[in-house]
Each structure stands twice: as C-alpha cells, then as structure tokens.
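Given as structure tokens, the chain that follows is alone and in the form predicted alone.
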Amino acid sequence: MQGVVVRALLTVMVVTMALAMPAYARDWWGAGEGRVFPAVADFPNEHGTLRVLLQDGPLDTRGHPFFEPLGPHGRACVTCHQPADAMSLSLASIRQQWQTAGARDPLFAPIDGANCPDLPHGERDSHSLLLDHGLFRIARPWPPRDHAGKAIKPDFDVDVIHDPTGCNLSPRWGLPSDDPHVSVYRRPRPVANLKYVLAMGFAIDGKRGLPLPLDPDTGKPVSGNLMADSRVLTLKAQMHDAARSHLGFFERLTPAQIERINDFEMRVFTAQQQNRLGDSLDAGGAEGGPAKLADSEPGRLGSQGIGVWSEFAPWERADDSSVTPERRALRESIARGARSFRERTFLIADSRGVNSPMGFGNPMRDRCALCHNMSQMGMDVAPGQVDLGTTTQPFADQQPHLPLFRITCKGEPHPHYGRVIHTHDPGYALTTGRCADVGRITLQSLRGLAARAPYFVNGTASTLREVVEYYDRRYSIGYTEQEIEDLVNLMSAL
C-alpha cells in the first residue's frame, strides 16, 4: 500500500513538473556567450525538427556584433533572433527565460520588452504582452517621417480609444508627449533566408501602383519586404534601426560591424528538416528542408513556372513500401495541403493591396498562393503590403489586451473601411501617413513556422490551426476538417 502511495505521489510530481515546463527545453543563446555557431544545428519542436544551416561553415561568435551585447540593456541581436526559434523568437522561449531569470534577463528590457517603459520593471504584468503573446513594443513617431527623416503630413487623425498598456496616453512615451509616438505591439521577424526576402520579383510596387523606393547608397530599387511596416528600406538601415530601438545603442554601428552582421545574416538558412514522425522532408522524392534554400537562387524560386510547395508533389501518392502507414498518411496529407494551398479557390474581398488598387475586382476568386506565391518560401514575389484584416475591425479577432485606435480619414475615405477605422495597429500607414494604407502589413516567409509560434504580426494565432481558421472565417472559405488538417500539416513541415 505504501508503495502505491509513493508511486502515486511521484506520478503527481512528474505531471506537475511537466505542466510547468515548456514542451521542449530551448537551447537559449545569451548575449556574449562566445559559442561557435555551427554549420548545421537541429532543434526539436512539437512538429518535428528544425534545421539551421550556416553556409560556408561555422562561425566563432566571440566579438561578433550580432552576438555581443550592444547598448545599456545587455542585449544582442541574437537575444530576439534565436536559432532554435528559426532565427525569430517563440513564446515558449520567452517564457523559459522568464522562469530562468525573470525581469533580470535582457530580453525583458523596459525599452520594448515591457508594455511601456515606465511600468514597474520586476512585475510580470508589466511584461504581459511579451509573456502572453510574444509581442514587443514598437514606437512609431507621430506624425510619420519618411525614410530620410522628414516629417510627413498625414491624411488621417489617430485617436486612442482603448489602451490597457497606458503607453499611448503617457505624457512621456505617448501621443501627448513632447516627442509623440504611437506604440504598437508586434512579433519579431526571422533573420534567415534573407536572399529571398531581399529579392525583387517586379520593378514596381503593384499594390500601390508606384515605383519601388531606392536604396540611398546604391540608387537601386529595394524589395521593401524587411519590416512589417516597411519603415526601413535596406538591411543596413534595419541594423541601425534595431540597434537604436531594441538594443538602446545610440551610437551608429560602424561599417565593419555592419559588414560582419550582413555576412552572417546572408549565410543563415532555416526550415523544418523532419516532420513530427521523424520523416525527413527531403525523402521520397520531396525537396523540403533548408539545404534547397541555401543552394538555390531566388530567381528560380519565384512564381514563374514553379508552383509554390510543389516540392511535396511526390508525396501525393506516397507508395514507398519502406515507410509505415502512419508516415505515409502524413506525407499524403502534407501533399494534399500543398495542392489545396495552390488550387483551392475562394472569394477574396475588401483586402487592400489585393482587391485594390490592383484592379482585380472586389470580390475576386483566387487561392492562398495568389499572395504566398514564391515557391519554397511562401512570400509574395510582388513587393508591397497587404491588408488581410488581422489588425483591423471588423475582421480582426477581439484583442482586449492590445491598444485600439480610431483612424479618421481627412480626405478620401478608405476604399474598404470608410472614413472611420478601428484598428489595433495601423501598419504601413504609420510609415506613409496615408489612410488608404491602414492595416496593410508586409507578408513574410512561411519557412520555420513550426518553431516560432505565435503567428501573425500581433501574435493573434497561437497555433497553426488558428491561422487556417482565421482565414476560413475571414474569407468564408468553408474548409472541411480534412482540409484544415492537411493545411496545418503542410505549414508544420515548412
């Protein structure tokens, strides 16, 4: 009897410990650790195994500006771009660091790791948006400034309707301050596969009907796909912006530092390597995994002649007798998801950057691959931002933890929302000052999704299933349960 009680108590202890810990212990890279970044590293997650490749061999990170702390907060670039999280940052890693060090960890620096810098630093509630939704504070100047720093006269007014953080109404940090800013809350974008992010599929921004902006250093057009709101044009400008706004490093990065960071970031490639059953994503004739990304050229991975996710086509009739029925079923599901992504049509309506000003009609019938068309990446080969409704009412899910702004157009009304818009994040409009750009966000790569939950710019989808379900609601697609499962299995294998 005593043994039964002891075993029961041990079972309770094990279950309690399991519930208190993240599903997978994260291999955390602290600033200034001086580790060697390997040529190949694999990291388990709930959907399988993520692989990170560093082209041209390993890197000694001692003294490297991507890995060394810069500024007063003890952060480095790697703090928010973790290898195990596909060079982004997952909610699981964020919570693990809080459990390990609490507010002492540089990740929770008040500059952007708190809901507002003036909140009590040691209290969990001060960091709730980061801990519960994976969101960092992004402070955008108001009125907006162009890429040269010149003030833009906006064609809309912005008012704060609701802000549980208090930051937008703060006399020091918010709109009433002497240096007015709008605080929005966003997920960090991955620093990987950048040769595709920087590639251009077209010479103009068709989503606005305007020429692409030019790199001030080279005079050449830029893709504009680096940031959620395209507030910087080049990788160099992004480095300066991140060093100032996230690291608190108010000196300019030196040319040598920029060159070393650029060299590292352009060599990193990441994607899932194995699915949840341990099946390699380049087995059975498929061409998944990050090696293909590292070895191929962006021009060969666009929408011209190569269907997005067609690398999984060999799994549509997975007749390999050496695999188990369960693995065969998962392969076939992933392949069905890829075909659905390419071919399943539905009505797309009221989406700025798609229905207007492109002239495709409103509504129009098309597929997921209309926007996510870059093969093996899932980005859009056409530059420019799109409003899919993830931040703006009436399409955005209710997010009482986020600020809510009222946008009042002073000139022409928004083509889909009208003159008054309610949004959690004005998006690209905070860069251009144009009412027509409210809610527009830069599409990003779909690689490594399994390692970097939550999803969407404001973290409103906790799981891959919630991503599919959002689109199902947004566009009244009517997916079957099997179609949802297939799409989730596809995204988990990217």
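This one's a predicted model, so the numbers in the text were calculated from it and none came from an experiment. Numbers for residues come from their place in the sequence shown, where the first is 1.
We do not show the form predicted together with heme C, though everything after this point is about it.
Q: Taking heme C in the predicted complex, would Val197, Ala243 and Phe456 all count as contacting it (heavy atom within 4.5 Å)?
A: Answer is yes for this spot.
Q: Heavy atom within 4.5 Å of heme C in the predicted complex: which of Leu226, Ala84, Ala396, Leu129 fits that? Just give me the one.
A: Contact with heme C in the predicted complex is made by Leu226 alone.
Q: Counting non-hydrogen atoms within 4.5 angstroms of heme C in the predicted complex, say which of Ala271, Ile334, Leu281, Val191 makes the cut.
A: The residue in contact is Val191.
Q: Only one of these stretches, 149-157, 120-128, 384-392, 290-298, has heavy atoms within 4.5 Å of heme C in the predicted complex; which one is it?
A: Result of the contact check: 384-392.
Q: Tell me, yes or no, whether Met266 is in contact with heme C in the predicted complex, where a contact means a heavy atom of each within 4.5 Å.
A: No, Met266 sits far enough from heme C in the predicted complex that none of its heavy atoms falls within 4.5 Å.
Q: Please determine whether Phe202 contacts heme C in the predicted complex, using a 4.5 Å cut-off between heavy atoms.
A: Taking the distances in the predicted complex, the answer for Phe202 is no, it never comes within 4.5 Å of heme C.
Q: Determine whether any heavy atom of Ala450 comes within 4.5 Å of a heavy atom of heme C in the predicted complex, and answer yes or no.
A: Ala450: no, not in contact with heme C in the predicted complex.
Q: Can Trp315 be called a contact residue for heme C in the predicted complex at 4.5 Å between heavy atoms?
A: Because no heavy atom of Trp315 falls inside 4.5 Å of heme C in the predicted complex, the answer is no.
Q: Using a 4.5 Å heavy atom cutoff, which residues in 428-467 contact heme C in the predicted complex? It's fine if the answer is none.
A: Contacts from 428-467: Ile441, Thr442, Leu443, Gln444, Ser445, Leu446, Leu449, Arg452, Tyr455, Phe456, Val457, Val467.
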